[in-house]
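Next up: just one chain, as structure tokens, the form predicted on its own.
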């Protein structure tokens, strides 16, 4: 990684001669993938086990019917395109103007085929307009369509008190105004809404510096830098870290912002199978042995890109093995904790704390403030030399406006709640309640017979529905019961793996979860989507140890 400070580079990590600026909250960490201390808080550690459960695959007839459904939809799509071409059916899609027929086409018919003929049939399941805070309940603006989902119009009616099972408001901090938000309103009155300048010019405020120092303290790292947009935090900073002559090893399920940043960097990109450390090691070995294509020269840098929690799968990165691999092969590790920061670990510090690893084991921490912190923007954190390098070379620092001051204050408020600096134990209670809600909701879904993906500690719980018609029906029926849930299909998921994605929050009460579970249970029977075999419908086997326990892991060479 960039080493402007002159520190030594050992095992893929920049080691500075300067003393770390803040003290770690815990002295027991996993070093080189091996736990050095056997106990924490007087409790013995437990052996690390993979965090991703193995579930049944869908019956073959379900996959057959899913592909057959797409096939029939495709055939009817071609028929309707033929009818549109000859004026038998009205075409509502974008088309080339007649006077531009000799120009290079802006719209490729085949590329828009899926949108025109398949997605448009179930488009009403997405982009629902919300008109309230994303608490355990929200208000929804009713809309109807008169042309089969090509356009929508609002009726003026508001659907009140819809149960929110689709928001990333994991810790319930996105709520209506209360007295704890008074500092946010004071900052709004003092600084205004926005900063019409970049961080390199006149856009760095004292609130930005305060937030960066607090974020570094929260993560137990030397320094941090904040950005006004989470997506841009990945897409504009990855190119600052790698370039031509570098190699990126990227998890196949990484977010689009990571993929875009990797492509913009000019580095060679090689994806590895999701959370598959054997496949990653094979790529690392090959990269070191063969070097760059054609020349055979050694790679200038090898950067591994992963996420903490994967938003479509709900799986948690196998960080202990990943750290052991990156140190063994002297690579760098970039971890996106957009969904895991605040929702994992005894103090909400993310995947690194969840596994009890040393803060120095991850080279580049990236995360967003749009989920657990109920705000917007993102951050890059790690060694001071790294952050100083990003401050100079990041495109976001030069070409984008600084974070809004009230937003920065909201993030400061959220972090102080998690750290207990607000004078009470609200943060710890929220983290504990979130863990209990996740355990309860996942266990009940499994007992009902749904195939679900992800790790047992993940607040994102995907329920596999497979068929596109059932994906849409699942969303529509639940909305009639005043339950809002996100459904996801191709191209965000593999073609035959359409799903509903439940997001659990600490603000959900047991009564709310029971209401949702009762409706989902009946709907599962109605749509016949309980595909889990009876022998697999056992309760989740959770460790009796608390989240405060550490893990041990040793990677064999």
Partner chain sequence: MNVEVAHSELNPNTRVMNSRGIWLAYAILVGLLHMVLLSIPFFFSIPVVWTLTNVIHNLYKAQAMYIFLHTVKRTPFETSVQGKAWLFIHWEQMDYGLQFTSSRKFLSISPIVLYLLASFYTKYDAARFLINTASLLSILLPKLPQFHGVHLFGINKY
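The model shown is predicted, which means the values in this text are computed figures rather than measured ones. Positions refer to the first chain, counted from 1.
Just so it is clear, the following notes concern the form predicted together with its partner chain, a form of the same protein that is not shown.
The closest heavy atom approach of residue 482 to its partner chain in the model of the complex falls outside 4.5 Å. Residue contact with its partner chain in the model of the complex: residue 254 places a heavy atom within 4.5 Å of it. In the model of the complex, its partner chain sits beyond 4.5 Å of every heavy atom of residue 204.
When contacts are judged by a 4.5 Å heavy atom cut-off, residue 504 does not count as touching its partner chain in the model of the complex.
Shown alone, this chain has one stretch from 442 to 450, 234 to 242, 308 to 316, 373 to 381 that lies within 4.5 Å of its partner chain in the model of the complex by heavy atoms: 308 to 316. Proximity to its partner chain in the model of the complex holds for none of 124, 169 and 177, with the criterion being a heavy atom within 4.5 Å. For the candidate set 487, 187, 216, 397, a heavy atom within 4.5 Å of its partner chain in the model of the complex is found for exactly one residue, namely 487. Out of the listed residues 432, 198, 112, 133, 112 is the one that sits within 4.5 Å of its partner chain in the model of the complex by at least one heavy atom. Taking its partner chain as positioned in the model of the complex, the residues of 62 to 84 that bring a heavy atom within 4.5 Å of it are, in sequence order, 63, 64, 67, 68, 75, 78.
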